[in-house]
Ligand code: PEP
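Only one chain comes next, encoded as C-alpha cells, the form predicted alone.
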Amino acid sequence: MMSTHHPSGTVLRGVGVGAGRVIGPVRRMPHPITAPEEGAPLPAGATVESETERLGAAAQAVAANLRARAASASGDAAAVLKATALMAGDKTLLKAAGKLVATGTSAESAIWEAAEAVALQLEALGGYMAERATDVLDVRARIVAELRGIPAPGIPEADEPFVLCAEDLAPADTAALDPARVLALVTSAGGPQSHTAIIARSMGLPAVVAAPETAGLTDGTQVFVDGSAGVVIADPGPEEEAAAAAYAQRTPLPAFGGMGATADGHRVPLLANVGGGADARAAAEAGAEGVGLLRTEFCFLGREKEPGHELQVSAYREVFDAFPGQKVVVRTLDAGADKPLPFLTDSTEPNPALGVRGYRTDVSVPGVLARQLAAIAEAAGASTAEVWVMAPMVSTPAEAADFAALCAAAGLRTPGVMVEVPSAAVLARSVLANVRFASIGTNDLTQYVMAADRQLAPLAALNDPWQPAVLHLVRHTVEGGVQAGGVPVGVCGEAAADPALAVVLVGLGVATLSMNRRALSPVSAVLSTVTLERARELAALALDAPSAAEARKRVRAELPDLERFGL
C-alpha cells in the first residue's frame, strides 16, 4: 500500500475495516517490555541500598498511577485497576525482589524474577488465584518500564481522545480499550480478518489496517482516518475537516427491532456470534434473533486438561438460557492453528492452518468431540433453546456423514457443517445431503480460497471477503443446499457484519446472517432499504467484478443510505 501526495497532507493507504471518518492526534502503542538479562548485576555506581530504593520508588509510582486511573474509571474497569494497584504495592512481591537485590542483582532483574516465581505459585493454586497470575506479570512489566523510563505497556494514556496507532493489536492489548478515549484504530500490519479488524467492528470504531507507512506516524501528529476508504491522511485540511464534521452529524442508526428483513418483507434472521454467557446475554439485549455461532473454545482455552462434563454443561446452559425458545448454533471445538490446546493439538506442526484443527482433531485424539457433544446434549435437554450443532473444518461428504452420526448418537437432532474449506463448497450438494444446515465461515474460506494468510499485511488485498472468487463459492454453496433438498445456508464470518456485503450475501441466497451484536443495527438498517430483487442485482454486480475493490466500489455506489448512516 503506497502513500500519495494530497493538498492537505500525506495520504497513507491501507484496508478499511471499520466505517467512520474522524480526526485526532496519534498516540502510538508502546512496544512490549522485553525481559532483562537473567541475574543482571547492579548498575555501575549503584549500591544495594540505592537500587532497593529505586525499586521501591518505581513500585510506588506504578501504584499511584493505577490508583489515579481507577479514580476516574467506573464499574469493572475501576475494580481491575484498583486490584492491580494493590498488586504493585504487594509487600510479598517487593520483599522477594528486595532479597534478590541484596545479592547484587539489578532492580529490573530482581522484580522480573520475583514476579515470575509468584505467578507460578498462583497458577499452581488454580481457580481464582491462577487468574491473578496475569495481574502479577502486568505489574512486573509496568515496574520495569518505570525503572527504564519508558512508556508502560498497554493502551496509552492521554488527556484527550486519540487515534491509536500500532503495528498490530493482540487480544490482551484491547481488553481495556475504551471507545470513549480511542477515536480510531490504525495498524501497519494485520489484515481485514485480523484481531484488530474484529475488535474495530465489535466496538464500532473506524479502523484502517495493513497500512505499512503509518509506522512512521509519531505521537501528536493530527490525522484523518477514513475507515470506509482505508485512508489515513497526516495533517488534514479543510476537506477532511468537513468530512469528519459530516460524519459526526450523520443520521443516527435505528435500534435493531429484532426482526431482519428486506424492504419487501423477505425475512433474513440476524443472529449473534458469541463466546460465552456474558456475550449471549448482551446479544439478547441487543435484539439478536438467536445465536448463529457459539464459539465453544471459551470452555477449553487456557487449560492444560480437557474441561469436565459438568463444567461444559454449565457453560453451554448459560448461553442457551439467554435465548429461550430461539435458535442457538453451537460450533464444536475449533482447536488448532491460532487456538492451540496442549491436550489436543500438536504445537510442532509446520503449517498449523492446514493441519489437524477443528473436526480433524477427532481423528488424532478421539473421544474429546463425543464428550463435548454429550455435554451439549445435556445442556440442550435442560433448556428451551433450539440447539443446532455444527463441526468446523469439514472437507468431505464422508466427514459430514460421520459428524451427523456422532450427533445422532448424542441425541442431537440438528447437525450441520461449517463451510470454510474450499472442497466443502465445491462439493456442497454432496456434503450438505448428509446434514440439516450449513454456515459459511468467510474468514477461513477467504484465506483458503486465496491462499493468503489472513494475519499477513502484505496479503491483505487478497484476504478480502469481497473477492469475487469467494462470492462465487458462496453462491455455489447455496445452490448445493437447494440441490440437497433445501438445506439452509447461513454466514457467520465477519463478512456478515459489513452492511453492504450483507446485502450481497442475501442476494446470493444466504438464509441467515450472524455477526457481532454491534453490527445488528447497521446491517438491519441497510437491508431494510433494498428489496430481495435489488439485492440479487447487486450480488450480480459483485460477482462480475474483476477484483474485491471493484466489487465493493460497485455495490457501495448503489447503496446511498450507507453515506447517510455514516457507514
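Everything numeric in this text was worked out from a predicted model, so none of it was measured. Residues carry their position along the shown sequence, with the first being 1.
As for the form predicted in complex with the named molecule, it is not shown, yet the points below apply to it.
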(request) Report whether the minimum heavy atom distance between residue 420 and the named molecule in the model of the complex is within 4.5 Å. (result) yes
(message) I'd like to know if residue 441 sits close to the named molecule in the model of the complex, meaning any non-hydrogen atom pair within 4.5 angstroms.
(response) yes
(request) Examine residue 182 and determine whether its closest non-hydrogen atom to the named molecule in the model of the complex is within 4.5 angstroms. (result) no
(message) At 4.5 Å between heavy atoms, is residue 334 in contact with the named molecule in the model of the complex?
(response) yes
(message) Which is the contacting stretch out of 485 to 493, 108 to 116, 365 to 373, 134 to 142, given heavy atoms within 4.5 Å of the named molecule in the model of the complex?
(response) 485 to 493
(message) 360, 410 and 436 - do all three of these have some heavy atom no more than 4.5 Å from the named molecule in the model of the complex?
(response) no
(request) Could you spot which one of 478, 88, 385, 293 gets a heavy atom to within 4.5 Å of the named molecule in the model of the complex? (result) 293
